[in-house]
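The chain that follows stands alone, in the form predicted alone, written as structure tokens.
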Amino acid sequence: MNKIAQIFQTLDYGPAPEGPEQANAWLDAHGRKFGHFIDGRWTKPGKTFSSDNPATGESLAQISDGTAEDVDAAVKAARAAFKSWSALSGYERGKYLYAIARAVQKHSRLFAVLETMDNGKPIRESRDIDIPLVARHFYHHAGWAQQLSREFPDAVPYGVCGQIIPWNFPLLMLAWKIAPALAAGNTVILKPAEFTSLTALLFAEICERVGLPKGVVNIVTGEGATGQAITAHAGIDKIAFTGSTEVGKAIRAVTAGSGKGLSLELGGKSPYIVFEDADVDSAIEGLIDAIWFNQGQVCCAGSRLLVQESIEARFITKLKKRMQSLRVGDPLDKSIDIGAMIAPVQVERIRDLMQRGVAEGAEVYEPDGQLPAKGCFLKPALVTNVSPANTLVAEEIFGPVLVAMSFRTPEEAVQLANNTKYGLAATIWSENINLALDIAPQIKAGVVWINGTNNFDAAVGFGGYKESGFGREGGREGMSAYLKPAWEKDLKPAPAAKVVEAKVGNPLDGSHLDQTAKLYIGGKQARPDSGYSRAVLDPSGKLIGEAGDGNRKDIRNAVEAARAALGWATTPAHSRAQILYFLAENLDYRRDEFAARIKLQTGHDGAEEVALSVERLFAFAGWADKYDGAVHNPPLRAVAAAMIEPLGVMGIVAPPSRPLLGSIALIAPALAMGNTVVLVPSSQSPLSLADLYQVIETSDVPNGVINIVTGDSVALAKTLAEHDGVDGLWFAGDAEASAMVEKASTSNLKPTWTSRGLYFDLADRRFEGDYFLSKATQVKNVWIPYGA
């Protein structure tokens, strides 16, 4: 039998090596030793560390370990370049981005081979996925640069952006961050991962070749301390980070109170849900891509297989058979499926997690075959016989390990899928499109793929919920992450609250008795757990009433009531709008009473404030069924529906001024978008909100949608920030308390908005639009394939 016939009979794959000569020549041309790229120039290498090929263990190059002084030099260069770069027209900036895209395409083979040598991923993935997507992002954002003034007319760039990227997609993560930042008019300092800096340095050469102005892009390499110097630098206006949740929380804590913009794309433990009517063979091929793409070193990897019980045995049997044909080996071989892990430390971490999982009862299946004698390689693994509490189910493994569980009903599938602290992505396989589209909105994840997986495009936002971070990369949402309102620069410090001393006297000497206002929790008035009340004084210091002094337990009860009312999010937007209109109508009916109460507390005529509150309720009632998503058209046979979803339970701490409008202007956008609210009104003048209880009760507001806890604003804000049942938090107060709120909220990485001691005039009409609507929502992109 001839050789060709033998091949057709056995279907064996022979080696198909990709040549490393061009990449080695580039490394040799630099003496295999690199400094930083700062202000358009290469610095002299300082203290260095080795960048190794994980497939062979051989050193590829020596990389400089950036110091605080290096970071400072890069920040100064970026600051100096910002004025002229941001002053360029969008067309001029777009031309540079277009030139970068073309250059990446021209040198695509060099980039692909260098990426594989430095990272260990199969060359097919670098060549066919990563590098084309890099060029796509620069092309896409070249277009955004020119359309910016039309689409974001009142926005300006942040200024200098610090960007820190991981090692799993070194060049692609660079493109995700640098392209929108430059399109918006920012300048950047980017730190690549210490394991994989080489393609970022090659990209710096591309910036030189296309004539990008000096200081616009600065590449500072280094280990963890270099990243810490970037996040802590006072001269950086925005931080963008992709990496582990633990480091993301640390960055959130460091930047708290700084006023820096922050976007975090963190870890994941994504569910891969297969229903009994799915095309099993297609679902298995999709699963191979979902978990063993890039050796499972993917934040959105479909690492939790949830398969319907009726097909579980057949599915697992077929999956094991398919795993036997996966090829592990030299990542430069074009016939290889699974390449090398990034480093020995990652291999040891995964093995340790596997041992813990097995000790907890897990069973592990690995296909036959030998691993290469040297290098950082692991076999693909399938883990069964696990409970949701098993370490391998709960923890992000970041390796080629799939854990499998079964479910019986769609409701159980949703519960299992959402039983995680993460919320980055999910996959649904079903031939019943009605079922798939019913399940997708119920999954708490920023991206949902239907009958497909790992679809990415520059036109479609990517990012997570919960401890997978906040902010989006790609699409309109990704552009807005590098812009801020132009008027923010003109904000002045909020005036200090006047301290009023109580006049000594007998409260019974008044003309009438004023009952102590209770709290409002779960649709009912409730006495504070503390048993204490707070005096409410008029401007002269006279006692005019008392309000309950809420504490941690009251906040707990209010959050429980708000979570029980989360069905508000699925109430039709028209119905939510109607209820907001009812609130406005009933408030207006009692306008004289509310105006008098405001005057009693503040000394100011309250008629205007009541009128503005009614108008604001009307404004957001009108927005309830109009602030919606979009349908993206990526360059493949699919559409991506960008769905606007509420955060969930929102804690809102109102400013001390404007006792009625200060609360209404914040809760109205939150309610319009389907959030439930725990409100802490002005601690100085809370009686206006206590009067609102009856308005709420007569306006068809479901129980638990609005909960009001009076008391010390700062103390209650801290409790809300620390509470893992609170999904978002807004706080209006001084700079010190704002910093405390941001830092305390790291427990579950809830998105926050704080006034940072600045005066936000909530009567201004700019706050009756998307400024707060965007902060009360998050975007979920659902990918839907079409065609036979």
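Predicted model, so just to flag it, every value in this text is computed and none were measured. A residue's number is simply how far along the shown sequence it sits, counting from 1.
The discussion below concerns the form predicted in complex with nicotinamide-adenine-dinucleotide, not included here.
Legend entry - Open or blocked: site for nicotinamide-adenine-dinucleotide, pose in the predicted complex superimposed, 2.4 Å backbone/C-beta cut-off, 3-atom minimum: Site status: open.
Inset, instruction - May I ask whether Glu194, Phe241 and Gly267 all come within 4.5 angstroms of nicotinamide-adenine-dinucleotide in the predicted complex, judged by heavy atoms? - result: The answer is yes; Glu194, Phe241 and Gly267 each reach nicotinamide-adenine-dinucleotide.
Legend entry - Proximity of Glu223 to nicotinamide-adenine-dinucleotide in the predicted complex, heavy atoms at 4.5 Å: Contact with nicotinamide-adenine-dinucleotide, yes.
Legend entry - 4.5 Å heavy atom contact, Gly475 and nicotinamide-adenine-dinucleotide in the predicted complex: Flag for Gly475 set to no.
Inset, instruction - Mark Gln228 yes when one of its heavy atoms lies within 4.5 Å of a heavy atom of nicotinamide-adenine-dinucleotide in the predicted complex, and no otherwise. - result: Result yes; Gln228 sits at the interface with nicotinamide-adenine-dinucleotide in the predicted complex.
Legend entry - Distance check, Pro166 to nicotinamide-adenine-dinucleotide in the predicted complex, heavy atom within 4.5 Å: Pro166: yes, in contact with nicotinamide-adenine-dinucleotide in the predicted complex.
Inset, instruction - With nicotinamide-adenine-dinucleotide left out here, work out from 181 to 189, 108 to 116, 623 to 631, 242 to 250 which stretch has heavy atoms within 4.5 Å of it in the predicted complex. - result: Stretch 242 to 250 is the one.
Legend entry - Heavy atom within 4.5 Å of nicotinamide-adenine-dinucleotide in the predicted complex - residue from Asp330, Glu396, Asp457, Asp549: By the 4.5 Å criterion, the partner-contacting residue is Glu396.
Inset, instruction - Taking 4.5 Å between heavy atoms as the contact cutoff, choose which of Ile350, Cys299, Ala584, Leu174 touches nicotinamide-adenine-dinucleotide in the predicted complex. - result: Of Ile350, Cys299, Ala584, Leu174, the residue with a heavy atom within 4.5 Å of nicotinamide-adenine-dinucleotide in the predicted complex is Cys299.
Inset, instruction - Could you list the residues in 450 to 476 that come within 4.5 Å of nicotinamide-adenine-dinucleotide in the predicted complex, counting only heavy atoms and keeping sequence order? - result: Result: Phe462 alone.
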